[in-house]
Ligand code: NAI
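The chain below stands alone, shown as C-alpha cells; this is the form predicted alone.
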Amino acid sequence: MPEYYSGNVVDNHRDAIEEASTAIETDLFIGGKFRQSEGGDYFETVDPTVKEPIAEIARGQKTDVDAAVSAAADAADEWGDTVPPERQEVLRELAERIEDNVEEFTLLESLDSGKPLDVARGEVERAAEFLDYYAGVCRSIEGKQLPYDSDALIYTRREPYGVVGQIIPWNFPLVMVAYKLGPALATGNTVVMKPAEQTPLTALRLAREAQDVVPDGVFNVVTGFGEEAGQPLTEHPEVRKLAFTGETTTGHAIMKSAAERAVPVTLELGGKSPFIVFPDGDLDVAVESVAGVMYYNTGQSCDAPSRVFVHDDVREEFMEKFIERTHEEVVGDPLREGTTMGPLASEAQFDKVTSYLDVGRDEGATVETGGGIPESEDTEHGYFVEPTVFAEAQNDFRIAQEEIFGPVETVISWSDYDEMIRQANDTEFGLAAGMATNDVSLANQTAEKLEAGNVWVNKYATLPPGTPFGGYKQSGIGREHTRETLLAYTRCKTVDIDTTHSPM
C-alpha cells in the first residue's frame, strides 16, 4: 500500500481522496455520455471515516430520469434483438474491465462506504465474478416446444421487457450493481439505474468502463435522492420492470407504484435472521459462522444473523467463545492494513445504530461487550461504533424484532425445541437463517420448519454464483444471483401455429 496509509487518519484519507480523484466521475450517465443534471445541482458524497466530502455528484431530477428512460427506450429494440452470444461478449468485457481496474474500484468503494480495503477488494472481485456468471448463463435462455396437437406447432419464447428501473442500496454498492445489471443485460433489457446517494462512486466508475463496451442507452446511471430521482423512476410509464434492494418501507412504496401500472418487481428487503446453536453443534464453527457475518461490513448486511438462539446446555461456553471472538475485531481506519471493521456508512446509520444501544439497555438486555463508541485516533473523526453483544434478551424485545443494521448481536437462550422454532419464525422477516448441529436429520427437519429463503448449516452467508437468494414474508419477492433470475427479466410469449394448411 502507499506510504501515506501509515500516517494520521485525516491526512491518510485526504491523500487517498486526491489519489482517487482521477477515477471519480461526478455527472449523470445517459445515452452513453456523461452530462450534468438539467437542474445543475450537485450533492456531496462523504467519507464516513473522517466525515469529509469526497466529491460533488450530480443531483438528478425527474427531467433527468425522463431523459435516461428515453435513451433506454430508444436503445431497447436494437439491444433486445441481439443474440445471447453478443450480449455474452459485452458482459464478459465489463467483467474484465473491473478486473483490470480492481485497485481503483477498491479505493473508491472503501472511501465511499467505509469498508476495509480487503473487504472492498473482495466485493469488487465478486462483482466481476457475477457479471461473468451472467455472461455464461445468458446462452441458456430458451423457450419450449409443447407437444399438444399433431396439427399445431406450439412453442414459447422468452422476450425482454424493455426498459428496467433498478435502485441500488448503499451497503454493497458495486456488488448490487452486478447482481442487477447482469441479468438485465443478459436477457436483452436496457437499464436505468439509481445508485444510493450515500455511495454512488463505483456505479459511476463502472459507467465509464461501459462507455465503450455497452451500446449507447443500454446502461444509464442517474444519481440523486429517492424523492427526486428514485420515485420518478419507479413511477415512469415507460419502465416495464423494477428491481430494488433496500429498506422494507421503501420496498412497499415501490410495490404500490408498480401495482398501479401492473409492472413486475423484484424486491430484496430487510431481515432479522436467526442462527440456532444446538447442544451437539461445534461451538467454534457456530461462533465463526455468526461473528464472521455479523461484523462483516460493520453489520450492515440484510442477511446478518442478528438473533442467536443458544441452547441452555452450551450457553455459557458459547458466550465465552463469542465474546472472545468479538474482541478480535479490529475497529479502525479502513485504509490501514489489519482493520477488520470500519465505520458505519453514514450519519443517519450511526444515529440509528447508537439509538438501539440505548433501546437494548432500556428493555433489560445486558451488554456483554461493546455498547459504545470506540476511542482511538483512528475512530475519533468518523461514524464508528463498537461491536456489541446483548444477552439475557427476549424475542419480543425491539432489538430482537427490528432491523438495526449494525454490529449489534442479540443472544436468546432456549431449551424447548418447538418454542424455539416458534420464536425463530416470530418476525415479520424471512430472509435467512442458520444453525450449528452435527445431526443431519435434525438439520433437515429444522431447515424445513424455518420460514426463510436461505438456510445454512454449519456455515453462513455463502452465496456462490448460481445460488438463489431472496426472502419470505416481508423480506421480499423473487430470487437473485441465479439462472432463475433470468426468468424474472423476461416475458413468456406462446406461439401456436396451425400446420394443417398445404405447402405453397
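Everything numeric in this text was worked out from a predicted model, so none of it was measured. Sequential numbering from 1, following the sequence displayed.
The discussion below concerns the form predicted in complex with the ligand, not included here.
*Asks:* Okay, which stretch from 315-323, 211-219, 264-272, 130-138 lines the ligand in the predicted complex, with non-hydrogen atoms inside 4.5 Å?
*Replies:* Flagged stretch: 264-272.
*Asks:* Is G360 a contact residue for the ligand in the predicted complex, using a 4.5 Å heavy atom cut-off?
*Replies:* It does not: once the ligand is placed as it appears in the predicted complex, G360 has no heavy atom within 4.5 Å of it.
*Asks:* Report whether the minimum heavy atom distance between P195 and the ligand in the predicted complex is within 4.5 Å.
*Replies:* Within the cut-off, so yes.
*Asks:* Taking the ligand as it sits in the predicted complex, is E247 in contact with it (heavy atom to heavy atom, 4.5 Å or less)?
*Replies:* Yes - in the predicted complex, heavy atoms of E247 and the ligand come within 4.5 Å of each other.
*Asks:* Taking the shortest heavy atom distance, is Q349 within 4.5 Å of the ligand in the predicted complex?
*Replies:* So Q349 counts as contacting the ligand.
*Asks:* Could you spot which one of P160, G281, G370, G230 gets a heavy atom to within 4.5 Å of the ligand in the predicted complex?
*Replies:* Checking each option against the ligand in the predicted complex, the one that comes within 4.5 Å is G230.
*Asks:* Which residue, A286, V308, V385, I168, is the contact with the ligand in the predicted complex, using a 4.5 Å heavy atom cutoff?
*Replies:* It is I168 that has a heavy atom within 4.5 Å of the partner.
*Asks:* Any residue of 387-412 with a heavy atom within 4.5 Å of the ligand in the predicted complex counts; write them all down in order.
*Replies:* Heavy-atom contacts to the ligand in the predicted complex: E403, F405.
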